[in-house]
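Just one chain follows, in the form predicted on its own, and it is written as structure tokens.
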């Protein structure tokens, strides 16, 4: 069955974030959308016991800068367990959309591998503003919530595997 709501998940499958420290990098471009995504992520992290003092939020100018923001956070704060990267790129009339989306997805993958910590892709890539709003707390849920749940699960997985 096709998933239609980004905020739908099984709460029993989400580990507690009680002792987790999580960074969030938020693009300022499309601020109305990215602020809603960031709030969804923060609310979800708090719901799963991540202390307010263990949520570190920074802003970067646009989605292209998410990679550098995540890299800087991980390089300068060794206590971070993961970084959630939040942005929104809306298709325009030029190929700019394609270049930005490709660069960010590849860059975030490389950053995760470089630092050996989860870097979560919470970048909306939509055709129009309405689709972005639908995924930032609208009829399709909130990709920030999805990003927070993913971060909690990936930190838990990493810790479990490192015990072996």
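Positions refer to the first chain, counted from 1. Just so it is clear, the structure is predicted and the values come from calculations on it, not from any experiment.
As for the form predicted in complex with a small molecule, it is not shown, yet the points below apply to it.
> Should residue 50 be classed as touching the small molecule in the model of the complex when contacts are defined as heavy atoms within 4.5 Å?
Flag for residue 50 set to no.
> Does residue 64 reach the small molecule in the model of the complex if we count a contact as any heavy atom within 4.5 Å?
Yes, residue 64 is a contact residue.
> Under a 4.5 Å heavy atom criterion, is residue 88 part of the interface with the small molecule in the model of the complex?
Looking in the model of the complex, residue contacts with the small molecule include residue 88, since a heavy atom lies within 4.5 Å.
> Just to confirm, residue 139 within 4.5 Å of the small molecule in the model of the complex by heavy atoms?
No, residue 139 is distant from the partner.
> Would you mind picking out the stretch of 35 to 43, 55 to 63, 106 to 114, 130 to 138 that comes within 4.5 angstroms of the small molecule in the model of the complex, counting non-hydrogen atoms?
Among the candidates, contact is made by 55 to 63.
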